[in-house]
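Next up: a single chain in structure tokens, the form predicted on its own.
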């Protein structure tokens, strides 16, 4: 996404276009699934004087406006991404914490249809897959026996 698209999104959401908001959106675009500390460091490359609180406030406003999605896998800090509104899921490495997007389940999907809604009008199912990323899986694989 270009800055002009970010400006349009901000205005469409009723938000003012500010340098910190644009810097946060660019940081989230460059580093999807990044946590606040990582995003703060990225934003400060562009806007050195921006405060930690300002980045928190911007992330809150962007999340509340559905321009950014906040995810928080169990045992992890909050992370942010630009991919919103498509009900995609995530896979998380149990070892290093790497997060990747996974499109909605295909084929039989019994866990995505609630067995009892308890009267709720359900509009989304959140699924997190857990495992080892390729790097961590390779690190844990037994080394080949030396000749």
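This structure is a prediction, so every number in the text was calculated from the model and none was measured. Numbering follows the first chain given and starts at 1.
Below, we refer to the form predicted in complex with the DNA, which is not included among the displayed structures.
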property: In the predicted bound form, residue 51 touching the DNA (heavy atom, 4.5 Å); result: yes
property: Contact of residue 18 with the DNA in the predicted bound form (heavy atom, 4.5 Å); result: yes
property: Non-hydrogen atom contact residue 57 with the DNA in the predicted bound form at 4.5 angstroms; result: yes
property: is_contact(residue 78, the DNA) in the predicted bound form, heavy atom dist at most 4.5 Å; result: yes
property: Option touching the DNA, based on a heavy atom within 4.5 Å in the predicted bound form, out of 31, 36, 98, 87; result: 36
